[in-house]
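Before any questions on binding or motion, here is one chain by itself as structure tokens, the form predicted alone.
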Amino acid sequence: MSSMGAISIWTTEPEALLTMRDISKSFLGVRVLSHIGFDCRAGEVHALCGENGAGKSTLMKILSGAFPADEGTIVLDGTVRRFTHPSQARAAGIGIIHQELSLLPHRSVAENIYLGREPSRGGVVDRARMGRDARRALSRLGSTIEPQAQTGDLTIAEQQVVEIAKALAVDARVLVFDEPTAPLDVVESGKLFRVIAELRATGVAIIYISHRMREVFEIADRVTVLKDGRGMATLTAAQATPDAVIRLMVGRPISDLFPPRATRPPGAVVLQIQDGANGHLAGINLTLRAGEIMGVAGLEGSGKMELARAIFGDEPFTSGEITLLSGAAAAWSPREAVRRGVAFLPDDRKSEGLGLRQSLRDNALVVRRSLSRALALPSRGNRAPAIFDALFRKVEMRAADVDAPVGRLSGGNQQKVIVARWLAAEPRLWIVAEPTRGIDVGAKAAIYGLLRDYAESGGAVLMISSDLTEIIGESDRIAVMAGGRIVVELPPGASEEAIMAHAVHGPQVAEALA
């Protein structure tokens, strides 16, 4: 292991297809990158790890031509390059698959994949060829998405597949994957990893950024860790153990990531569903008690998100017997759900959870204000600021300006804003969907601790997640879904193999495992 402070860690090995030497960058006098060195070889997967704000995105934006570096050099295949626009980087063979989707929802899949470089014939867009080429790019990912489908009608996971296909459709020599599996389940992620293996075999240099440590260790040949704009170390695959990487990132071992499970038996029933059903779900039987966290796992399309929306009243159950909070009938609309003490943290914080142009303060207090006329206006007394300050101390918010637009925050801090919002509403039942999607290890640990504290104080948590590590580490019980049904309930600490066996094979697996 080699460590560094302001010393560059770039290598000069001849096989390095891309080398970034002594890259530095400041914004408004604040140094965000300090003498960073990074290289990637042909046919290699080089992972770039670090907490939100460590400098990963800034470094990649310099590589892509979105930002100019203040200092340093980019060498691509032996030639010094300086990109002043993303189009120059693309023309040089650098493709970026961004964490934030850059698709146009009202265009077709094919139009999005070839946006700005549509094939033409006689001066007219050749839609037949564009459709064929788009289908070919999608098939490399094992996807059956129709090229003519409207992008806005796709699920988040399907849109991410289109985003990846868009990058693959360019003959890139260097591909940057920025959190590509954030909306994908285990099966879809496996398909992506097979594509990466194929690209690696053809000599493409791959830079891989992910907060999912397990997949980093699964596919990376080397791992470089950034912290506070500085390079901490570059590790080989053999050196890059989970504890080694996480200690470099946050200064503590992986064993500290999850808090201890419940220390006392669960309390009264908060939610009970018997034979719940709607257009997506059937035969749902579930009991959730105060003081516990129930994890819900399943593949994409298993019904786990539909279950969350049904309980919250967004797509309510149409049949079955449902009791919610002391025997009250289940809520049939989100507004009624909130009034009855139900909170919902959505899986897509950007489009469903936040007003990106509104301030941190307004986003955090939107639910509380809707429930209390005394807090309807920010200028109404000093209660709202006091509540806001207490909430943000509780969630360990890192933000210099609470009146700044929330869209400027890192993913981890944005998620903390939504967590603070629902803590302000003092709910009895909290439905959290993908609570740590796209956020760093330190922010994950903070959110896991908040959820456990909430349960220990008497709340009930239903946690839907595609991250099996957090399902296993955080849950007191685990429900596995397949085909719109809960097919099994597993004890805490169940293995990934057991969860996946039930998720893939559904009701048939019980007999096979007996």
Partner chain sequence: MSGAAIPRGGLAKFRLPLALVICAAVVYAATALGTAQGEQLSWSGVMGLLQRMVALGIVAVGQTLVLLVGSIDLSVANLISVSAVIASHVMNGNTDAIALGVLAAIAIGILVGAVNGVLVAKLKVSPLIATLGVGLVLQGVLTTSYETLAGSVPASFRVLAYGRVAGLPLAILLLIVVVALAGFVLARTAAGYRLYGVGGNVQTARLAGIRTDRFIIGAHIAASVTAAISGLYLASWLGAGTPWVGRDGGYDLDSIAVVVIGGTLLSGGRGGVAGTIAGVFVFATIDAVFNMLQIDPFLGQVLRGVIVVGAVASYTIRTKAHVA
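No experiment lies behind these values; they were computed from the predicted model shown. Positions refer to the first chain, counted from 1.
If you look for the form predicted in complex with the partner chain, you will not find it shown, but the lines that follow are about it.
Colleague: Though the partner chain is not shown, can you say which of 272, 143, 278, 210 has a heavy atom within 4.5 Å of it in the model of the complex?
Modeller: So the residue touching the partner chain in the model of the complex, by this definition, is 143.
Colleague: So which of 230, 340, 289, 127 gets a non-hydrogen atom within 4.5 Å of the partner chain in the model of the complex?
Modeller: The option sitting close enough to the partner is 127.
Colleague: Can any non-hydrogen atom of residue 90 be found within 4.5 angstroms of the partner chain in the model of the complex?
Modeller: Yes, residue 90 is a contact residue.
Colleague: Answer yes if any heavy atom of residue 118 is within 4.5 Å of a heavy atom of the partner chain in the model of the complex; otherwise answer no.
Modeller: Yes.
Colleague: Mark residue 413 yes when one of its heavy atoms lies within 4.5 Å of a heavy atom of the partner chain in the model of the complex, and no otherwise.
Modeller: No - in the model of the complex, heavy atoms of residue 413 and the partner chain never come within 4.5 Å of each other.
Colleague: With the partner left out here, check for me: in the model of the complex, does some heavy atom of residue 86 sit within 4.5 Å of the partner chain?
Modeller: Residue 86: yes, in contact with the partner chain in the model of the complex.
Colleague: Could you tell me which of 200 to 208, 432 to 440, 183 to 191, 261 to 269 sits within 4.5 Å of the partner chain in the model of the complex, going by non-hydrogen atoms?
Modeller: Flagged stretch: 183 to 191.
Colleague: Between 143 to 181 and the partner chain in the model of the complex, list the residues on our side with a heavy atom within 4.5 Å.
Modeller: Heavy-atom contacts to the partner chain in the model of the complex: 143, 144, 145, 146, 148, 149, 150, 153, 154, 158, 161, 166.
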